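First comes one chain, alone, set out as structure tokens in the form predicted on its own.
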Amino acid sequence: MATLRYTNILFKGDKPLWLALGLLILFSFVVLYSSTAGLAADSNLPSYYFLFKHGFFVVAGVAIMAAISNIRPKMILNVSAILWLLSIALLVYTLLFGVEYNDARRWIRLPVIGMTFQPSEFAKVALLLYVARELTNRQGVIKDLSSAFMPIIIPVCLTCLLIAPSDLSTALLMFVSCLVLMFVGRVSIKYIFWLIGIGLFLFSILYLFGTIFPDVIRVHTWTGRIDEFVNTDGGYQVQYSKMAISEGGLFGVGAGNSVFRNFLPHPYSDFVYAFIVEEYGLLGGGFLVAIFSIIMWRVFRIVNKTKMTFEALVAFGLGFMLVLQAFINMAVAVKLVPVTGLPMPFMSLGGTSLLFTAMAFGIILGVSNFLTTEVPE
């Protein structure tokens, strides 16, 4: 009874959502231990090195979720503009002075501790919070072009433009998520189509600059992936992904028995879904689909019970973006969409992604916590 009482104190908010996230995190340990075996060997590190590293970030992430779930959503609303401005400053710094890896400048090296930090992961959360704030504050004039639409689209376009040169996939994910959030927030449909047109225009300008400055804007990567998706059966990445999935069958080859982890590019991040299906079969792949579907369902339940506009918008926006990201990662593995490089929330190796995913879910849990103790069935 005491354990249950302490659990209720620490893990506040929607209990089924906590359970779904817990199952996802537990599954990530067995997946990442096996998928990083080759990476550890190539780096002359113990086989458990990346497992312990992932465990450190998981503990930190769960602590973040538990802490943020105890923060009232109104406090989140009050700091959302500051968080967005901070994210813009970090993105500008990254473009100018960031660490370059694989022809992409996405990281900042933190002083003293020497770890790298990916500001775009922070910007994903900060932008959704800011858009939810603006939609809430402008509901009285939400159909007006100058009073509501322009103050919202300028931050969206600016943030996405700063991310797109080195990480188009993340920029598109954020842009689509903001479009959907604006639709839910009662922005006029014609203005949403205007935003799509503005986005296409800005992308065209970005593409043009990329042909002139290919070392700054990764146009060759964008065109190569689209051409590969449209005109071939997939490059070596997708080919090995499909072979791994085919090898898995219904029940998989078993934990630790993967063959294609030695050939799959990034079986612990970009193509973690193909690796999971190889080792755990369609049952393992179906388990992930079910878990993320349950997460989205719980988010809908929370939104439906929320009376305040900001709480509803922020819970929906963050939940939709993270679940969409998970399904895009799965879709890449089976060649339903071009290769994107988007990690799967909680399942992919990467500390920055995990911590800010935890931050996002902590906010959603906070909405449910201050709505009721638990969302009724």
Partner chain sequence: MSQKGNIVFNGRLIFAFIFLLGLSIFIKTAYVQRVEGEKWMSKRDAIQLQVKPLEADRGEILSRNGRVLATSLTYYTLHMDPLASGITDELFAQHVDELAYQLALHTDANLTPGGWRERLKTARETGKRYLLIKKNVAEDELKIFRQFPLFSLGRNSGGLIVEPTKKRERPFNLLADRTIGRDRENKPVGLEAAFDDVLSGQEGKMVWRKIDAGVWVPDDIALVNPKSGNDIITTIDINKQDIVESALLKRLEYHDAEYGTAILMDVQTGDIVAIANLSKLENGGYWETYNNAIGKSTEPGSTFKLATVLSLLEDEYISLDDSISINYGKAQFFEQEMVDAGRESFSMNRTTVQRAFEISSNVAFANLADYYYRDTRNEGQFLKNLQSFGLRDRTEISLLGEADPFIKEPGADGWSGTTIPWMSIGYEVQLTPLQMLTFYNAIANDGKQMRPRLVQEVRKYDSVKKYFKPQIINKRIASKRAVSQVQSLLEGVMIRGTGRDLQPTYFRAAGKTGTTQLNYRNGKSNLKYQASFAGYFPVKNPKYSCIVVINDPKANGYYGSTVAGPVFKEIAERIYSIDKQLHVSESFIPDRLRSLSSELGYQVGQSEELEQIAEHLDLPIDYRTQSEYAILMKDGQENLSLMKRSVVHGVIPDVRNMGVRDAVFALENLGMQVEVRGEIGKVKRQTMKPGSKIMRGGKITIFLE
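Positions refer to the first chain, counted from 1. Bear in mind the structure is a predicted one, so any value in this text is a computation, not a measurement.
As for the form predicted in complex with its partner chain, it is not shown, yet the points below apply to it.
Worksheet item: Residues in which of 284 to 292, 67 to 75, 119 to 127, 161 to 169 have heavy atoms within 4.5 Å of its partner chain in the predicted bound form?
Response: Checking each option against the 4.5 Å cut-off leaves 284 to 292.
Practice prompt. Check whether residue 240 has any heavy atom within 4.5 Å of a heavy atom of its partner chain in the predicted bound form, and answer yes or no.
Written response: Contact check for residue 240: yes, within 4.5 Å of its partner chain in the predicted bound form.
Fill in: Non-hydrogen atom contact residue 248 with its partner chain in the predicted bound form at 4.5 angstroms
The answer is yes: residue 248 has a heavy atom within 4.5 Å of its partner chain.
Worksheet entry | Partner contact for residue 351 in the predicted bound form: its partner chain, 4.5 angstroms, heavy atom | Contact check for residue 351: no, nothing within 4.5 Å of its partner chain in the predicted bound form.
Discussion item. Using a 4.5 angstroms cut-off on non-hydrogen atoms, would residue 338 count as touching its partner chain in the predicted bound form?
Written reply: Heavy-atom contact with its partner chain at 4.5 Å: absent for residue 338.
Fill in: Residues 24, 51 and 359 all lining its partner chain in the predicted bound form, heavy atom within 4.5 Å
Looking in the predicted bound form, the three residues 24, 51 and 359 all stay beyond 4.5 Å of its partner chain (heavy atoms).
Item to complete: Scan 184, 195, 206, 108 and let me know which has any heavy atom within 4.5 Å of its partner chain in the predicted bound form.
Response: Here the answer is residue option 184.
Worksheet item: Which residue among 87, 80, 306, 269 has a heavy atom within 4.5 angstroms of its partner chain in the predicted bound form?
Response: Result of the distance check: 306.
Practice prompt. Note that its partner chain is not shown here; using its position in the predicted bound form, name the residues of 243 to 263 with a heavy atom within 4.5 Å of it, in sequence order.
Written response: If the 4.5 Å heavy-atom criterion is applied to its partner chain in the predicted bound form, 243 to 263 yields 243, 245, 246, 247, 248, 249, 250, 256, 257, 258, 259, 260, 261, 262, 263.
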